[in-house]
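Here we start with a single chain on its own, the form predicted alone, put down as structure tokens.
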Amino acid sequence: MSLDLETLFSEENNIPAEFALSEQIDQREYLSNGEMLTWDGQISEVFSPICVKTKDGLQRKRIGSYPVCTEQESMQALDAAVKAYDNGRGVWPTMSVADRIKCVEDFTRKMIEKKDIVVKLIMWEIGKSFADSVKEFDRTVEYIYATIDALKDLDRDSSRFQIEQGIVAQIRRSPLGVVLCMGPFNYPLNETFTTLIPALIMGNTLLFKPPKHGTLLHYPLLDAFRTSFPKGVVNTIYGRGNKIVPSLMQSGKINVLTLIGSSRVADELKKLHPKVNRLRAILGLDAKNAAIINKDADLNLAVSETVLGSLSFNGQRCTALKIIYVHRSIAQEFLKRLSAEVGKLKYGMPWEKGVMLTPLPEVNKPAYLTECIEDAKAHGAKVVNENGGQVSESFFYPAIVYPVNAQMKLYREEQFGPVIPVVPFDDLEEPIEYLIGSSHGQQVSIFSNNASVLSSLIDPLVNQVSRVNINCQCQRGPDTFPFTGRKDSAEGTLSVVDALRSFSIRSLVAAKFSESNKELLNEIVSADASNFLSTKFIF
């Protein structure tokens, strides 16, 4: 029985007032060199994945617009960041850790004041449920405070001299230079800030390019950046990435590239840098995380974790489960229970309480997912759940596809949406070989109640992926745990402590341990003449 998906969308006057945007946000400013500069050139209009009923049918609701700046504005922003860093002699990179922390705390207070509008814009721009949009904001604030605490711990450990083999030294972490920061649309605030904040607090200067979907939500925060940090430390760039980013990389003035997105794009950008050996890359890239459900697994647990892992935020997470291997002996029962649980999920508008499935932000995504399903059907698979794959404008109802094989797009391509490919297996060597041959290597989930089975999988798989999850879905958190990937899935490690290390380098001041040098060092420390050479203890 087909779903009447058009009933999902309502007329604009039926949108609850507490979730509606009071007005469209037509951004005509951008932050560069410590100033909010006015833009009167080309713009990009922003249409929400949320459709409204009109006399002409369903239409995506327009919520605003933002500048489409050119290469010229981007290069000016780069010059501002380079000047603010000033070869490591700028105010920000030479500032004490304690003072940089105060600036970040000041920014965070101002950010919290903008919570309501930022949360609404997350919901309207990418279709994330209101509850999850609130969680994303709150988790981002928690991440900032956790980063501050981690830096305090790091600095405390560095606030003393070490004496080895007749050499006295103080070892601290120093910034790297100018960072180009580009975040993803699926967690446009949180994932962006998990690179932006540690890069910033370690003394680097920034060029920040908001994601294509999720641009406007950063606009309310620009003045907080402007007033919390020295001139030129944070600069925003807007425009088409393929137009403005190549010249930034070709300049050779970018010291760190941080990108959460496509491995193809990352490879292309790195090759543009004239001194690749000088470029540090911190990348969160493609992932095709697998679940392996053995015949001795707790089936109810495996089903519930598969639903959460593959369909949270419509499966639009790098950590989502994107291919499910299930032992052939339990495959039919697994599919039956999985279909039943998917059928229970609430779908609707992002502001509806308890909603799990919402419209998709990418205009072409429903067509791509449909194409993947048709390709799978052509190679012998079926959609096994009722109403799977039904589409209405921006909404795509989840599809469970079985049996998936190596001939299908869904076997290798990262679908990044609500399609669950299920592959039957007879021998555990089959999913292991899949992961060995995969170009992705982020995480895997394994489901079994047999300790010997788990151990036989753990040892080979920890050398294929960066995290093995036992009887639970793949996930990033807790933020204190390492978050990275092998192969084409990541470069560098992101977590609270690891990110601070990723965006800095160990530097030291050393001298022979002589009486005259002891006097000199004591004089510098006593006079508080250096922010680096200091025994101050941050509480």
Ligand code: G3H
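The first residue of the sequence shown is number 1, and the count goes up from there. Please read these numbers as outputs of a predicted model, since none were measured by experiment.
Below: the form predicted together with the named molecule, not depicted.
Heavy atoms within 4.5 Å of the named molecule in the predicted bound form are found in exactly one of 223 to 231, 130 to 138, 331 to 339, 184 to 192, that being 184 to 192.
By the criterion of a heavy atom within 4.5 Å, C318 is counted among the residues contacting the named molecule in the predicted bound form. Remark: F503 does not count among the residues lining the named molecule in the predicted bound form, judged by a heavy atom distance of 4.5 Å or less. None of the heavy atoms of Q59 is located within 4.5 Å of the named molecule in the predicted bound form.
Using a 4.5 Å cutoff between non-hydrogen atoms, S44 does not count as a contact of the named molecule in the predicted bound form. Contact annotation: of the candidates T70, T493, Q475, N33, the single residue with a non-hydrogen atom within 4.5 angstroms of the named molecule in the predicted bound form is Q475. No residues of 391 to 416 lie near the named molecule in the predicted bound form, the criterion being any heavy atom within 4.5 Å.
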